[in-house]
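In structure tokens, one chain follows: the form predicted on its own.
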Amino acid sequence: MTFLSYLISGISLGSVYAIIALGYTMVYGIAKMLNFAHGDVIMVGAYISFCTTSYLGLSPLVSVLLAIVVCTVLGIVIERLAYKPLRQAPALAVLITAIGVSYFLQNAALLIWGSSSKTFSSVVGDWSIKLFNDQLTITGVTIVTVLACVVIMVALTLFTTKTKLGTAMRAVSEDKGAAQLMGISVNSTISLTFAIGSGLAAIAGVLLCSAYPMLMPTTGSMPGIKAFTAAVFGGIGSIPGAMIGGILLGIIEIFAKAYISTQLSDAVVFAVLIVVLLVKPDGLLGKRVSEKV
């Protein structure tokens, strides 16, 4: 039962990483850039939900919806102000800008909400399911998180393969110049990608803080890095790969904390990533792309 409990906790944590990684992998797949401010959008979403329930007294569902709206708008604003002017700039300039946006969001949160941690109330409630004569308890947050991850992954897959906007995204990902010649607005498509990724970050932030109820301006930093690791692990640019990578990473982290060391769990996670990249540099589901020169 202990092993099974750790496994379920790992899947729950991994599902949060997977939702964040889906945002990373979409932005990279379409815009070919790494948005390292993505983890801080998670933190903003969690703070919006916290303020909505604690200060305004609104329902958890309303707080989640408001967090999604605010983060979606924030993602579009960040893309338009920080990344759009650098569309033709070297990758290093975009990377440095992303790090700058990350620090800006952290310090803005520090000024607005202070450095002291907040106790986040779960938006799911405290219900749970008990199995095997009460020997195994599955919390409501775990169930909702895993279901949300599966639903989001399926919805994104269908969106990118069955809709006009999804087809436009794949076209921009393949060749921006050719897509523009076919009448696709590259800038609008990239903005839409940022909007979707930031909306997912809000969901991930609320679920993460519901499971681990401490909220502070640096809340999104480490989960953001680990979610990026998960995206690379599964094959960055692949939607199913992001989900598989996130869940595997969550399981590895929980088992490392349980059976190796709490202090060394992060080191184990990144060590596994290094091994995977040495064996399969494109990730588990990534595909090697040959370029004509």
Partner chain sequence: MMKKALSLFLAAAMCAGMLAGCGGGADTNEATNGDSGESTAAAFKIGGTGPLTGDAAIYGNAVKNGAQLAVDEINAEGGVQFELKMEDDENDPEKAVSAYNALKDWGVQLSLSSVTSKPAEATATENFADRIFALTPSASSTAVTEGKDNVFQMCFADPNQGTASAEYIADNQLGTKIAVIYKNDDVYSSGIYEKFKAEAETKGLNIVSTTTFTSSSATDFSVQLGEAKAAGADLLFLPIYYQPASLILQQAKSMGYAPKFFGVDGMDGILTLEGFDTSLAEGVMLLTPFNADAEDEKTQSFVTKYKEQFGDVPNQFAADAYDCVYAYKAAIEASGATPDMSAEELCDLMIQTFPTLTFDGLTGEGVTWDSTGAVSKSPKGMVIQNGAYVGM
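Definition used throughout: the rigid core is the maximal C-alpha set that superposes within 1.5 Å between two forms. Numbering follows the first chain given and starts at 1. Model, not experiment: these values are computed from the prediction.
Although it is not shown, the form predicted in complex with its partner chain is what the next lines describe.
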Quiz item: Looking in the predicted bound form, is its partner chain within 4.5 angstroms of a heavy atom from every one of Ser59, Leu66 and Val124?
Solution: no
Self-check item: Per-stretch contact check against its partner chain in the predicted bound form, the hit in 38-46, 66-74, 254-262, 241-249 (non-hydrogen atom, 4.5 angstroms)
Solution: 254-262
Quiz item: Among Ile184, Ile143, Leu165, Ala211, which has any heavy atom within 4.5 Å of its partner chain in the predicted bound form?
Solution: Ala211
Quiz item: So in the predicted bound form, does Lys118 come within 4.5 Å of its partner chain, heavy atom to heavy atom?
Solution: yes
Quiz item: Is the gap between Val150 and its partner chain in the predicted bound form 4.5 Å or less for some heavy atom pair?
Solution: no
Quiz item: Does its partner chain get within 4.5 angstroms of any non-hydrogen atom of Thr137 in the predicted bound form?
Solution: yes
Self-check item: Contact of Leu158 with its partner chain in the predicted bound form (heavy atom, 4.5 Å)
Solution: no
Self-check item: Residues in 215-237 close to its partner chain in the predicted bound form, defined by a heavy atom within 4.5 Å, in order
Solution: Met216, Thr218, Met222, Lys226
Practice problem: Answer yes if the Cα of Ala258 shifts by 2 angstroms or more between this form and the one not shown on a rigid-core superposition, and no otherwise. | Solution: yes
